[in-house]
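Read the single chain below, which is given as structure tokens and is the form predicted on its own.
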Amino acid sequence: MTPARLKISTNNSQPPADVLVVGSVAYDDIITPYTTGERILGGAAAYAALAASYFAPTRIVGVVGNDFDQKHWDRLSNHGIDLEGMQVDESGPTFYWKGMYHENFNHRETLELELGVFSNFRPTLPEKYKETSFIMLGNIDPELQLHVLDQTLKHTFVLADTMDFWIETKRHEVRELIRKTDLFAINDSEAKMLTEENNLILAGYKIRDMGAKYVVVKKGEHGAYLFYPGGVFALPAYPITGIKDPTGAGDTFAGGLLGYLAAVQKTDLESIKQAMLYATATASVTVEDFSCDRLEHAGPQLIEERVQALREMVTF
């Protein structure tokens, strides 16, 4: 099934390139100050793949267990996502996370975490995936992220994400990953942790010095910074008045960013800035409902409307 995609204007007459997303697919229980969601679809790869599919043909590599519901397969395939790379491990349950957000969503607490079959996950790329041009490595073990890159035959652009746990336990591997990444995405607290630098701007530049050409530091409701050779670019978040669940917003941002680049098949600075605009608009949709529900059904027109609103916000 081919989903409705955004009509990205480009001088390139070629169709969009493929996007490969590698990461976790999970079940989440979410508790917020206002309401609760149970047994909902989650995981970095699910959010990122749905976001990318609004822009370009998308492939996903992950693992689920013997409890994964057919309806979630349908949700992904109905967005045109290629599922050949998804593994089904019948030996146990799907990765599960339970978290609680506190007042104003400024702090998140993990209440339960059960890796299930994800603990044995070793991503294997189908043959046709190995030449994918645009690759997103979700925040799984950096050794697995590097393992994915070892399987690729050629690629144009690699975006990688990480999290505090890997920075604490596998700092050397994270730094090796950064050296092999075109764009490294990280949130503000993790950037400070990785660099041992309290100033966020200095932290962004230090990560660039580790080897990535571009670094995006995600600041949640305060937008994102892009660090590039010679400077820094700042973009605010789209103003949301009704946040329900911020889970997956950063993964949506990354998937949307990579999807846009695949659509235009350009990776220069100006294209990355434009990609951040579309990524921000796409991520704003995600937080308005639990799980991937709003992202799944929003449609390209709403995302385009928010892109135009953001343009007006940042134009003098």
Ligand code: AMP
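Residue indices: 1-based, along the sequence shown. This one's a predicted model, so the numbers in the text were calculated from it and none came from an experiment.
The form predicted together with adenosine monophosphate exists for this protein as well; it is not shown, and the discussion that follows is about that form.
Looking at Ala275, you'd find every heavy atom of it more than 4.5 angstroms from adenosine monophosphate in the model of the complex.
Among heavy atoms of Pro246, some come within 4.5 Å of adenosine monophosphate in the model of the complex. Adenosine monophosphate is not drawn, but in the model of the complex it has no heavy atom within 4.5 Å of Phe157. The closest non-hydrogen atom of Arg108 lies within 4.5 Å of adenosine monophosphate in the model of the complex. This chain lacks the partner; the member of Met193, Ile240, Met163, Leu144 within 4.5 angstroms of adenosine monophosphate in the model of the complex by a non-hydrogen atom is Met163.
Heavy atoms within 4.5 Å of adenosine monophosphate in the model of the complex are found in exactly one of 250-258, 56-64, 31-39, 267-275, that being 250-258.
Not one of Phe184, Ala212 and Tyr225 places a heavy atom within 4.5 Å of adenosine monophosphate in the model of the complex. For the partner-free chain shown, Asn139, Ile140 of 126-142 come within 4.5 angstroms of adenosine monophosphate in the model of the complex, judged by any non-hydrogen atom.
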